[in-house]
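Only one chain comes next, encoded as structure tokens, the form predicted on its own.
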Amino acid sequence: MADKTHYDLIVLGGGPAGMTAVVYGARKQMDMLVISDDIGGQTMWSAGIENYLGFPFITGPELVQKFEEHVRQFNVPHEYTRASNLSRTGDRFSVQTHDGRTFTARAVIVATGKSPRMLGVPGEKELIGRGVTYCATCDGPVFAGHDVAIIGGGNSGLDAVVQMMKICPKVYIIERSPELRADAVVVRKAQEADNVEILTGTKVTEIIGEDFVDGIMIDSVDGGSPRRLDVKGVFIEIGLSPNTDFADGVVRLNPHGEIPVDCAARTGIPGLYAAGDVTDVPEKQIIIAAGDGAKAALGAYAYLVRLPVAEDWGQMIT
């Protein structure tokens, strides 16, 4: 733990958006701190990534390792904790952390991402990245040729079905409600597909497997009709929650709990930027988050060089 508490820029989050912001901020020689309880975020959960430029195929942990190696070159201090509160007084921000400390900065980039809503069934946590995934766009192609189950009958679940039914012999849709909740056009595509089986009024009770997923156990929501489905992939598409509780009050959130930003990653609060899945930017993808992180860091730099530098504050190199 560093004794220093005052910085020019604090980056909250260690995923693709946060790590890219760190690289751009370090190259601008900003006095900077990273606060996150991990590196990689949701990227760590991806079994295979085939749409990140420069890597025809790479696993999530491997890509995160590349991020970490790159960032480590700049020796940016990193506090492995989470923000519990963000506030602003004058032109300075204060970040309180879960371990009871306070850090201040003239600019902040919020890149705390989203957390998938989990099923909370046996086998789920143990098999994340080994057949259990929360992003069909990221991981879907890895399961080509295998039977898979999509958990969730909303739009994200049915979008996953439309992707997977083109490359998988069998796709199961598991939905607790009596009917699918997605838009009619995608529901119709699923209903008309020969290789899609729709199971409404159904819940997952267990995900089975040792090293990798071998199947799932399902049951009627009313109980009494357990069944095993032999699948190699389980796509949990029951929603994501933005990690923004700590920022509510200093920045306006949209009805989904996301931070609205403009095309320059600005929040509307001077000196406060946001990037990646935590924002209202559409298409939550690794490469998009990385680009947003770069924009946020460049925006923060441009903002900071126009502010007077206090003698007791971080030294900007302009």
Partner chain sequence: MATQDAKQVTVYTTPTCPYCHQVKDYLKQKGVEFSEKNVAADLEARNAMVQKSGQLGVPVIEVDGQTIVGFNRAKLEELLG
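For the two forms, the rigid core is made up of the largest set of C-alpha atoms that agree within 1.5 Å on superposition. Numbering follows the first chain given and starts at 1. The model shown is predicted, which means the values in this text are computed figures rather than measured ones.
Missing here is the form predicted in complex with its partner chain; even so, the following discussion is about that form.
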| item | value |
| --- | --- |
| Heavy atom of V221 within 4.5 Å of its partner chain in the predicted complex | no |
| Proximity of T137 to its partner chain in the predicted complex, heavy atoms at 4.5 Å | yes |
| Residue contact check: G113 to its partner chain in the predicted complex, 4.5 Å heavy atom | no |
| Contact test in the predicted complex: Q65 vs its partner chain, heavy atoms, 4.5 Å | yes |
| Candidate stretches 223 to 231, 122 to 130, 151 to 159, 172 to 180 - the one whose heavy atoms come within 4.5 Å of its partner chain in the predicted complex | 122 to 130 |
| The single option of I39, I286, V261, V34 touching its partner chain in the predicted complex, heavy atom within 4.5 Å | I39 |
| Single option in M44, V251, I58, A26 placed near its partner chain in the predicted complex, where near means a heavy atom within 4.5 Å | M44 |
| Residues in 136 to 150 with any heavy atom within 4.5 Å of its partner chain in the predicted complex | T137, C138, D139, P141, V142, F143, A144 |
| D248 C-alpha relocation of at least 2 Å between this form and the one not shown, rigid core basis | no |
| Yes/no, L127 Cα shift of 2 Å or more between this form and the one not shown with rigid core fixed | yes |
| P61 and T137, C-alpha gap in the predicted complex relative to this structure (3 Å or more) | closer |
| Distance direction in the predicted complex for the C-alpha atoms of D37 and T137, relative to the displayed form (3 angstroms or more) | closer |
